[in-house]
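There is one chain below, alone, in structure tokens, taken in the form predicted alone.
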Amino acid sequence: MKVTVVGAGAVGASCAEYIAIKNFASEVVLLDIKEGFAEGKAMDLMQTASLNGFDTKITGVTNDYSKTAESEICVITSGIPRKPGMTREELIGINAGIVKEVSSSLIKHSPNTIIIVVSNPMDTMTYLVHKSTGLPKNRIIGMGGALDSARFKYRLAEALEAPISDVDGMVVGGHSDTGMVPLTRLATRNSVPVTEFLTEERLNQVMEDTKVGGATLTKLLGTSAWYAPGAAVSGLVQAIACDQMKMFPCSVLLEGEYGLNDICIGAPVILGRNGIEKIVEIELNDAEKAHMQESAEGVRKTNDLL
């Protein structure tokens, strides 16, 4: 199993690290346009192999896509990161050109690959890959929902004062500060609805903290987060590589599901060897449906900028 990660910055390097540590891939290729940068990151990571107990080979290359040939999964993290005060949507001008060029180069050398998009604005970049490559919809996945749901579970565990292993919850909708739809109604602590433990006011605070999870970190760090995005990507890659048939919310091209068409937006999917094996339609209540529609309108406005 060969996996390519394009972009050797903080997010890309974290993706490569977490994938390697899980030890299911034979090789991870880390590619960047900056001379020697990916090679240095790869060397540094390989020097942790004996300490962290993995045998995955990590190879760094400078802009040589021939070295990515026959990759079964490719991850696109390249593009400029958010700075404090920026929205994900404001990145579209630069990142759209980068993502289009990168996806084309990857497919040239790995025509059967599955692509995972991380670059922001993530739903629109996922849609761009669909429109510019023509790959089957099951082979193009936006990472956002998996990360948003991890942040939701963190906030739930914090509010419940519970271990995070007790908590389950999901975020659907757009990967933006205003577009996320945390499904508090369906969130549980060991199968018991969290509404049994938390007041409506506290749950609303959890929801709002989840929505601005990325912006909060950007303000604190001065740039986009990287540990949780890298871990989210590694979870998706492992589910596909190991044919785990796990459910994750991901940005996926909808064709009638949730009443939406011709849009990439977060919805629960089953991930296996073929990428997206199935889109799962869960029954939303009227308020959740309304939030999903509002989120879709926001994503479409960003898509129009393409």
Ligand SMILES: NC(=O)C1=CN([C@@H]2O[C@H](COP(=O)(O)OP(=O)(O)OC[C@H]3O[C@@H](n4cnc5c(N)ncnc54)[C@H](O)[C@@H]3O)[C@@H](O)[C@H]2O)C=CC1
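Keep in mind the model is a prediction, meaning the values are calculated, not measured. Residue positions are given as counts along the sequence shown, with the first one as 1.
The same protein has a further form, the form predicted together with the ligand, not shown here; the description that follows concerns it.
- Heavy atoms of every residue among 8, 80 and 147 are located within 4.5 Å of the ligand in the model of the complex.
- Put simply, of 71, 95, 184, 234 only one has a heavy atom within 4.5 Å of the ligand in the model of the complex, and it is 95.
- The closest non-hydrogen atom of residue 279 lies beyond 4.5 Å of the ligand in the model of the complex.
- Although the partner is absent here, residue 119 sits close enough that one of its heavy atoms falls within 4.5 Å of the ligand in the model of the complex.
- None of the heavy atoms of residue 206 is located within 4.5 Å of the ligand in the model of the complex.
- In the model of the complex, residue 250 stays away from the ligand, with no heavy atom inside 4.5 Å.
- Partner contact region in the model of the complex: 138-146, out of 155-163, 193-201, 106-114, 138-146, criterion any non-hydrogen atom within 4.5 Å of the ligand.
- Contacts of stretch 221-244 with the ligand in the model of the complex, defined by any heavy atom lying within 4.5 Å, are made by 224, 225, 229, listed in sequence order.
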